[in-house]
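Next up: a single chain in structure tokens, the form predicted on its own.
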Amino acid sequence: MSSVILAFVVWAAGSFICVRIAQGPGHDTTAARVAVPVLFGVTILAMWELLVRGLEVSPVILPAPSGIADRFSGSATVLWQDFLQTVLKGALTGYIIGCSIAFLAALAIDRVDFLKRGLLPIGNFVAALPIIGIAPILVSWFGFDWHSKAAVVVVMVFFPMLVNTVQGLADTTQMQRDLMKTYSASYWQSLVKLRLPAALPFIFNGLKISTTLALIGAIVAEYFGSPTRGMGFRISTEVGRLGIDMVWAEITVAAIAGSVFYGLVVLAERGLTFWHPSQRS
């Protein structure tokens, strides 16, 4: 019971400190923006640990963070192999292929009005397909290795990237387009010098949405067939063996990988769209 009381004390103290930092005089500094989420995360982990120990929760139901950390360090080799199989081979490959195809398709749609009326509804139809339904089909087509996972990721990221790019290419004013015509700019000159730069915030929005979808798609696809490695394979196997601490270790790897993946896209966005109002401090 003392651990439970201490957990709520930790929660109250952590929340109080986070609020004071967020509302303090230096709340807009880089240190404050980093300190608040870090401190809040540490508070959650401490409260989790204390509640699990105080209430004597079974590790089969919910392991403590310390138990997850022990399993993480003890299974580093297996986790690394699963990371390579799922993230670097399946998710990243499918992400690059799917976003590239969607970008080229958006350029074609922007150029040909017929495709805008014909291809976009098909893309909408594909986006509405449930991943649970198409994953086993693609696994049977492309095999049990990472190729089928990449194919699932391509299907998942295609439509968000396509819609955002098409919307971005149309995000120019009539005055801007008339100015390019005044300069006798060709279609490609107008595309490169005006419309693509204006579309960059939309393109990066599609890329950021696709980072999460790519990882989810690769992990879910591994439930329907995978070699003896991969994050989805490991999660489904360990759940059957009641190895919940290993499941949480895989979830931790997925969360870290997804955050890093998303952060890299955000850094690229800041570097290429520094001129946009959304990036100005």
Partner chain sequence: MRNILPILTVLSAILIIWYLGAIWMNSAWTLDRAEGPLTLTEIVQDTMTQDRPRLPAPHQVAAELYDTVIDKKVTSKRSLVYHGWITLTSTLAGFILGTVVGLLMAVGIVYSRTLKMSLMPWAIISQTIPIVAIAPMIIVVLASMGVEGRAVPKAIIAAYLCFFPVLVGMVKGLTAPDAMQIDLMKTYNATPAQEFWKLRLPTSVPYLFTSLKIGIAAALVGTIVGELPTGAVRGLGARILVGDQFGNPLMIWSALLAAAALAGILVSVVALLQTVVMKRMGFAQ
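What you see is a predicted model, and the numbers here were worked out from it, not measured in a lab. Residue numbers count along the first chain shown, from 1.
One more form of this protein, predicted in complex with the partner chain, exists but is not displayed; see below.
Discussion item. The partner chain is absent from this chain, but in the model of the complex, do 114, 119 and 212 each have a non-hydrogen atom within 4.5 Å of it?
Written reply: Checked in the model of the complex: all three residues contact the partner chain.
Discussion item. Quick check on this chain: which one of 172, 140, 100, 81 has a heavy atom within 4.5 Å of the partner chain in the model of the complex?
Written reply: Exactly one listed residue reaches within 4.5 Å, namely 140.
Worksheet item: With a 4.5 Å heavy atom cut-off, would you call residue 220 a contact of the partner chain in the model of the complex?
Response: Yes, residue 220 is a contact residue.
Discussion item. My question is simply whether residue 129 lines the interface with the partner chain in the model of the complex - judged by any non-hydrogen atom within 4.5 Å.
Written reply: Close contact exists here: in the model of the complex, residue 129 approaches the partner chain to within 4.5 Å, heavy atoms only.
Discussion item. Residue 19 versus the partner chain, in the model of the complex: is there a non-hydrogen atom within 4.5 Å?
Written reply: Close contact exists here: in the model of the complex, residue 19 approaches the partner chain to within 4.5 Å, heavy atoms only.
Discussion item. Can you tell me whether residue 46 touches the partner chain? I mean in the model of the complex, with a 4.5 angstroms heavy atom cut-off.
Written reply: Contact check for residue 46: no, nothing within 4.5 Å of the partner chain in the model of the complex.
Discussion item. Taking 4.5 angstroms as the heavy atom distance cut-off, pick the stretch from 193 to 201, 131 to 139, 160 to 168, 89 to 97 that is near the partner chain in the model of the complex.
Written reply: Of the options, only 131 to 139 has residues within 4.5 Å of the partner.
Worksheet entry | Contact set, 30 to 44 vs the partner chain in the model of the complex - heavy atom within 4.5 angstroms | Contacts from 30 to 44: 32, 33, 36, 37, 40, 41.
Discussion item. I want to verify one pair: residue 151 and residue 126. Are their C-alpha atoms nearer or more distant in the model of the complex compared with the form I supplied, knowing the change is 3 Å or more?
Written reply: Compared with the shown chain, residue 151-residue 126 is farther in the model of the complex.
Worksheet item: Any idea whether residue 132 and residue 204 get closer or farther by CA distance in the model of the complex, knowing it moves 3 angstroms or more?
Response: Closer, not farther.
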